[in-house]
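Take a look at this one chain, the form predicted alone, written out in structure tokens.
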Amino acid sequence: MKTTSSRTSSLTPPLPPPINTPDSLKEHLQTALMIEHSTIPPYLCALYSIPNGENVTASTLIRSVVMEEMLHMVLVANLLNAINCPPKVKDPKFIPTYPAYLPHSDKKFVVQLLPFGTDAIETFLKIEMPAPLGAPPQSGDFRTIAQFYAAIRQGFEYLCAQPGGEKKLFVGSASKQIDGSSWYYGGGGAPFAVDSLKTALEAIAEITEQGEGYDHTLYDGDNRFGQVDELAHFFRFNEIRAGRRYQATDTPNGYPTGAALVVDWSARFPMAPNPKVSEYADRPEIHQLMMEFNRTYTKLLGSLDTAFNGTPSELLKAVPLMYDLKYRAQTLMAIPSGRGDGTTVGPSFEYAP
């Protein structure tokens, strides 16, 4: 008797990642730009609420994070321009209404405009929380910002793996790329042009590692880019919370054990949380000052928008505007809010054309 046997096998191709079209990638990168920006007003409120000469080390740490968030915005704009998608910044929809959730997040915590204090620092730690080891990419409802960027990285890799993918994807004008020649910052690195999968992945790595640490370490991995290694954002904020510096033998899962970092939580302007211009409609002097702050803030966004869309030199105008914002914010923070709770007025970061 003759017997035959047959073996059937089916190889199911892997499903494409959530970000699998150029349009989807563009949409998620614009969301990334919004995420990076949405962290800056809360960080600035905490920074500006520290009077000059007080909490100098904490102030320096917060400022360094703010400047790197600005750098992240530039890198995301470079990613968008690399794939021929104009970054949108000067738009009322771009600005969160605080309190707010991070765009596209899992809504596990709310981001608020708060003065320097333990509540503000706890929120910052949630924003910069490192992704758990082995955490999957998340293109929406993300748990950590790093997981959202992992989904973007996966999208770039998938699209470039298609026939002619890299050549078809990177079709943006090189003239819109912003590099170190248009950027000044005394630390934390400089932007670089994005024109390929390699440089796109490097930009994504720079953003995520400065926030949560390189390869599950305390540090941002900048020495790989020829820069000085610094603590990642999460661990800078954790030093402030712990009142102590990290030292070389410390680990990401433990607390800092180095020298004391003296923090005076009372040395601040007691700004009322989440102020709004509309609250002061019956107090015209304050209303006017808040409007002037918001016009300066909106002008700053306009400079960024212009810089990101073909005029990189416009970034230089952002520097004096940032100083102007600080002066206007601290002027507001010195005025009693009238709420009867000892708080003061503060900047509202609202769109004001």
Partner chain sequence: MTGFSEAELHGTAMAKTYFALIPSIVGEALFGRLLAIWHDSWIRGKGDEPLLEQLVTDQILDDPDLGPIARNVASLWYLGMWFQLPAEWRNVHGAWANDVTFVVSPQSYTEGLVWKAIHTHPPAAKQPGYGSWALPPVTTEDAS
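Residue numbers count along the first chain shown, from 1. Nothing here was measured: the structure is a model prediction, and the numbers come from that model.
Beyond what is shown, the protein has a form predicted in complex with its partner chain; the following relates to that form.
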Taking heavy atoms and a 4.5 Å cut-off, does F269 contact its partner chain in the predicted bound form? yes
Against its partner chain in the predicted bound form, would P18 count as a contact residue? Criterion: heavy atoms within 4.5 Å. no
When the contact criterion is heavy atoms within 4.5 Å, does I286 count as touching its partner chain in the predicted bound form? yes
Just checking whether M291 would be counted as a contact of its partner chain in the predicted bound form - the rule being heavy atoms within 4.5 angstroms. no
Counting only non-hydrogen atoms, the one stretch of 301-309, 320-328, 42-50, 29-37 within 4.5 angstroms of its partner chain in the predicted bound form is 320-328
